[in-house]
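Heads up, the chain below is alone and in the form predicted on its own; it's given as structure tokens.
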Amino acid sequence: MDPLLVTQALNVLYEVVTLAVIVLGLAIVFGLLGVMNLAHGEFIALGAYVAYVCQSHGLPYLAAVPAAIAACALLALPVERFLIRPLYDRPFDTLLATWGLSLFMRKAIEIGFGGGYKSLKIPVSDSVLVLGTPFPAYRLLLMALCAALIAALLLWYRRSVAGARVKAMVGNRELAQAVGIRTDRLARDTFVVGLCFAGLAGVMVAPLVSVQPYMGLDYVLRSFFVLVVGGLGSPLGLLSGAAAIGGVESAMSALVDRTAGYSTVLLIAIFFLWRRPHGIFGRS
């Protein structure tokens, strides 16, 4: 098989599955709680910087995973309690509040680490032959981990008691409270889990990107593009949106350049907002 075709197909698949994991945290917070979290990208950046700190101190790269989750959880708890909780069911207010939080986090990262670019060593630097074509082993590992993570979360959401309680809270908060579900605690835990997924995504992609204070801007825009196209409240919406945005952007970037890829997904998002505002699989 043509090596160029195999490489491009693997690149598209990589973009789709990693974008799905990047969006996963925002899909949880926005889709289940109605919180328009513009600081999602900054929590991805926080995870990336935690990975940089761990690697700079000679720790194994896997140590960055619990460290990033802990850092995001410790920050997410007071953010939910004092900033988000008074604004539930007020999406526009949460957008303004988290926009201010994103500015604060961005400047805090810049003060702490400077405005320059940080680069991380790739934990697995070998290549693997796929249909006779060499492809970076870390990207293949990342694709497998992303797919397993998404599958595990969807299985938990559909089969577990906690997942059933979350669905009850999303469907009717007052009725869920009436049957004894602690919706305030459940909303807090859901918000924290969503931001921990953002930090985990930052750890996963950090060795492959330039880590810098403004890196979150691109991720939050692409995440909202995915949710606009795929729709909220549906696993199929997340996957279809990631496939559409990630696939089109990767293909157009390879055929033309990254500007053309970004412009194309922006046009797609505008089209869906105009003609199908609930997305492909979103709740109406």
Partner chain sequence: MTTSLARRKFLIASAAGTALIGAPAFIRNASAAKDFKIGMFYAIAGPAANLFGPTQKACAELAVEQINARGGILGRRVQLLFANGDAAVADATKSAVRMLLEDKVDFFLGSHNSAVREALVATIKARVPYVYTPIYEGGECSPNTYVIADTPRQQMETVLPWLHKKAGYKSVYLIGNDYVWPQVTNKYAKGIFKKLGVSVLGEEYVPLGAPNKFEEAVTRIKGAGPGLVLITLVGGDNVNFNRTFAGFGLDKNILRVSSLLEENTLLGIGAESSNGLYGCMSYYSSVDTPAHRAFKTAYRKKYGDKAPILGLIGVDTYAGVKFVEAVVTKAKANAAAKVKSAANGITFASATGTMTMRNRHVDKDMYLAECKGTEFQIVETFSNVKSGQTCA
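Positions refer to the first chain, counted from 1. On a predicted model such as this, the values are computed, not experimentally measured, just so you know. Here the rigid core means the biggest group of C-alpha atoms that line up within 1.5 Å when the two forms are laid on top of each other.
Separately, the form predicted in complex with its partner chain exists; it is not shown, and the next lines address it.
Asks: Here the chain is shown alone; which of Met143, Ile122, Ala73, Val130 has a heavy atom within 4.5 Å of its partner chain in the model of the complex?
Replies: Contact residue from the list: Ile122.
Asks: Report the stretch among 73 to 81, 147 to 155, 132 to 140, 191 to 199 that approaches its partner chain in the model of the complex to within 4.5 Å, counting heavy atoms only.
Replies: Looking at the partner contacts, the answer comes out as 132 to 140.
Asks: Mind checking whether each of Thr18, Leu208 and Arg258 has a heavy atom within 4.5 Å of its partner chain in the model of the complex?
Replies: Yes, all three are in contact.
Asks: Given that the partner is absent here, does Ser234 sit within 4.5 Å of its partner chain in the model of the complex, heavy atoms only?
Replies: Residue-level check for Ser234: no, no contact with its partner chain.
Asks: Using heavy atoms and a 4.5 Å limit, would one call Ala67 a contact residue for its partner chain in the model of the complex?
Replies: Taking the distances in the model of the complex, the answer for Ala67 is no, it never comes within 4.5 Å of its partner chain.
Asks: Is Tyr14 a contact residue for its partner chain in the model of the complex, using a 4.5 Å heavy atom cut-off?
Replies: Tyr14: yes, in contact with its partner chain in the model of the complex.
Asks: With the cut-off set at 4.5 Å between non-hydrogen atoms, does Arg90 touch its partner chain in the model of the complex?
Replies: Result no; Arg90 lies far from its partner chain in the model of the complex.
Asks: Since the partner is left out here, which residues of 167 to 200 would have a heavy atom within 4.5 Å of its partner chain in the model of the complex?
Replies: Counting only heavy atoms within 4.5 Å of its partner chain in the model of the complex, no residue of 167 to 200 makes contact.
Asks: Asn11: after superposing the rigid core, is there a C-alpha shift of 2 Å or more between the shown form and the other one?
Replies: Stays below the 2 Å threshold, so no.
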